[in-house]
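Taking the form predicted alone, here's one chain by itself in structure tokens.
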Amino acid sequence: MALLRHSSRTRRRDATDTRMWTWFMLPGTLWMTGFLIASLVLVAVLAVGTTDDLGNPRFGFDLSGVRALADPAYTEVLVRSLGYALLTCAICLLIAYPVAYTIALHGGRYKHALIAAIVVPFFANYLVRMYGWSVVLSDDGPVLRALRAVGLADGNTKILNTGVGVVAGLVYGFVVFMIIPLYAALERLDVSLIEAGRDLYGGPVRTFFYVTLPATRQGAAAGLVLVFLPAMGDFVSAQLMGGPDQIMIGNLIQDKFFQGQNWPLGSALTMLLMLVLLIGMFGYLRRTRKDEAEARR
């Protein structure tokens, strides 16, 4: 009887907590949802609109902006942006995992200070950081000087105005978004699982691939999403380090809105970018639900 009363009190307390947190979440959720839906509807309406002689948008129904997406030039830019974003995700994962692993499992009492040392520089303005990075990667910058000194580059080697420069900028700009979720996943990792793997003569490499990596794959998946979304729509790296031959879809959208005054085409490109991002997000959510279902079994 006493057990039943305790269980009933626990359920009432959980229900009260759930209602309280729901009310706390409601204003922010309504605010974000309202502005997100309003902006998406506006962009969708502009995508089938027109512009007047002065370049001002006019509402209507004209599919010329949507049909223009079939131009192979835009497809090439979209494919290039997708390739740069995926390559950025892969490089960020390779860089971030050892960093997060070392800090989470071997950082000791300095782990919080080390995470702060990584995160704090990223509070600086993104544009300023990209300008600084472009100087580092310039023809006379320290990177190319070091490569020339060890014979890995010559006087004709360039990083700026190439695809390498764009990906380098994207990795520098968004690698912290990969480190943080990986660090959080490794912090929650039960270290006894690693010790059990080693007790079973798994060895460091086998233990990592059969125990540590599967246990932290949700953190890696979250990091991949957090890097992919902004990298896909970024335009600063391509503008400062890619030159005119390495533009991404973000540069196209910016040009159509602010220079070409072609709002319908800019809106259609935005909707196309949103579609690609939604596909990536849908895949992430589906994978997450599947992992949670497997964990409950």
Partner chain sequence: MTLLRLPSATAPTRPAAGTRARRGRADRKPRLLIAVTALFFALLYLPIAVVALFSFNSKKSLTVFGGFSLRWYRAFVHDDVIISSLGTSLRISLVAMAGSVVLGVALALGLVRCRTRLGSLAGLIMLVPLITPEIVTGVASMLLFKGLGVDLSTGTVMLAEITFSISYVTVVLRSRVAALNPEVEEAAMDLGATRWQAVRLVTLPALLPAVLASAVLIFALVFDDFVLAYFTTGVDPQPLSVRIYSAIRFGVQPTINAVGTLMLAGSIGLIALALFIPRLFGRRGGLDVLSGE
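This is a predicted model, so every value here is computed, not measured. Residue numbers count along the first chain shown, from 1. We call the rigid core the largest set of C-alpha positions that still match within 1.5 Å between the two forms.
Just so it is clear, the following notes concern the form predicted in complex with its partner chain, a form of the same protein that is not shown.
> Taking its partner chain in the model of the complex as the reference, which of L93, L86, V136, A221 has a non-hydrogen atom within 4.5 Å?
Replying inline: Only one listed residue qualifies here, and that residue is V136.
> Among the candidate residues A153, A215, L114, V164, which is the single one with a non-hydrogen atom no more than 4.5 Å from its partner chain in the model of the complex?
Replying inline: If I apply the 4.5 Å criterion carefully, the residue I get is L114.
> At 4.5 angstroms, heavy atoms only, are W31, L46 and F257 all close to its partner chain in the model of the complex?
Replying inline: Every residue of the spot touches its partner chain in the model of the complex.
> If you check in the model of the complex, is M274 within 4.5 Å of its partner chain, heavy atoms only?
Replying inline: Taking the distances in the model of the complex, the answer for M274 is yes, it comes within 4.5 Å of its partner chain.
>> Whether V79 contacts its partner chain in the model of the complex should be assessed with a 4.5 Å heavy atom distance threshold; does it?
In response: Output for V79 is no: heavy atoms all beyond 4.5 Å of its partner chain.
> Does at least one non-hydrogen atom of R198 fall within 4.5 angstroms of its partner chain in the model of the complex?
Replying inline: Yes, R198 lies within 4.5 Å of its partner chain in the model of the complex.
>> Taking its partner chain as it sits in the model of the complex, is F24 in contact with it (heavy atom to heavy atom, 4.5 Å or less)?
In response: Because a heavy atom of F24 falls inside 4.5 Å of its partner chain in the model of the complex, the answer is yes.
> Going by heavy atoms, what in 218-247 lies within 4.5 angstroms of its partner chain in the model of the complex?
Replying inline: In sequence order, L226, L229, P230, G233, F235, V236, Q239, L240 come within 4.5 Å of the partner.
>> Taking 2 Å as the cut-off, check whether the CA of L42 shifts that much or more between the shown form and the other one after a rigid core fit.
In response: Not so; L42 is displaced by less than 2 Å.
>> Please state whether S64 has a C-alpha shift of 2 Å or more between the shown form and the other one, with the rigid core used for the fit.
In response: After core superposition, the C-alpha of S64 moves less than 2 Å between the shown form and the other one.
>> I want to check M20: does it shift between the shown form and the other one by 2 Å or more at the Cα, with the core superposed?
In response: The answer is yes, as the C-alpha of M20 shifts between the shown form and the other one by 2 Å or more after core alignment.
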